[in-house]
Ligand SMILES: Cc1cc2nc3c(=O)[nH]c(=O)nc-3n(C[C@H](O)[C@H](O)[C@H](O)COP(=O)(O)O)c2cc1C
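Okay, so here's just one chain, in structure tokens, the form predicted on its own.
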Amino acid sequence: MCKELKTLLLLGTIFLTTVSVNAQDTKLPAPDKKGGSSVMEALWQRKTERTFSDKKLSEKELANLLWAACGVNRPENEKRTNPTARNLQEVTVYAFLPDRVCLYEHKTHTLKTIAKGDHRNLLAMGQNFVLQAPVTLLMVVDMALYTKHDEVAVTMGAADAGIVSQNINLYCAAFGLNTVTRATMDRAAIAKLLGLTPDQVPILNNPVGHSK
């Protein structure tokens, strides 16, 4: 085989590999800066709902939902919609979809595919209404970012995850979506699926979808 042909084949392989890797990342539409109800109206409308229609969330709805959960709202210093202890930003959000599980990269407003297939059963644990929701957002807290793994750190990590969940609740209330905050899940299986370290702890999850 001539040197030129080998070079072309090598370049082709590199190109296809790059395309394959990039195909795993989905750049989300920019989040809206206006829309929904007022904060007071959202608080009046906020409630737990465990029923979901078959209607999927649009790409725009998913983008807005993820940004509301923990997106960057101050690009100049990469600070987010969710406050955290000492600005550690220790909460990471994963989206469990019917065909894949994705990490929400808040800095780039991108979904990165971590696993293919439907793994929502790991969150449902027998509660089948979770399987009806088109997306469930999982909050994972990285305790390694705390200098001390004491009671205060555990409390703050859980509180910070709760703030993300409340952001999700308020977004859903403002835009007429259903959701419920849950702690039920198969944490060991999820950690294995996502490749989490022992310090990365799944804390809460929110199934989200349209009402019936």
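Everything numeric here is computed off the predicted structure, so don't read it as measured data. Position 1 is the first residue in the sequence shown; the rest follow in order.
The same protein has a further form, the form predicted together with the ligand, not shown here; the description that follows concerns it.
Peer 1: Using a 4.5 Å cut on heavy atoms, which of 26, 184, 155, 37 is close to the ligand in the predicted complex?
Peer 2: Looking at the other structure, the residue within range turns out to be 184.
Peer 1: Using heavy atoms only and a 4.5 Å cut-off, determine which of 127, 73, 87, 108 is in contact with the ligand in the predicted complex.
Peer 2: The residue in contact is 127.
Peer 1: Which single stretch, out of 143 to 151, 29 to 37, 47 to 55, 61 to 69, brings residue heavy atoms within 4.5 Å of the ligand in the predicted complex?
Peer 2: Partner-contacting stretch among the options: 47 to 55.
Peer 1: Using heavy atoms and a 4.5 Å limit, would one call residue 204 a contact residue for the ligand in the predicted complex?
Peer 2: Although the ligand is absent here, residue 204 would touch it in the predicted complex, with heavy atoms inside 4.5 Å.
Peer 1: In the predicted complex, is there a heavy atom of the ligand that lies within 4.5 Å of any heavy atom of residue 173, even though the partner is absent here?
Peer 2: Judged by the heavy-atom cut-off of 4.5 Å, residue 173 is well away from the ligand in the predicted complex.
Peer 1: Is there any non-hydrogen atom of residue 42 lying within 4.5 Å of the ligand in the predicted complex?
Peer 2: No, residue 42 stays farther than 4.5 Å from the ligand in the predicted complex.
Peer 1: Considering only heavy atoms, tell me if residue 180 and the ligand come within 4.5 Å of each other in the predicted complex.
Peer 2: Looking in the predicted complex, residue contacts with the ligand include residue 180, since a heavy atom lies within 4.5 Å.
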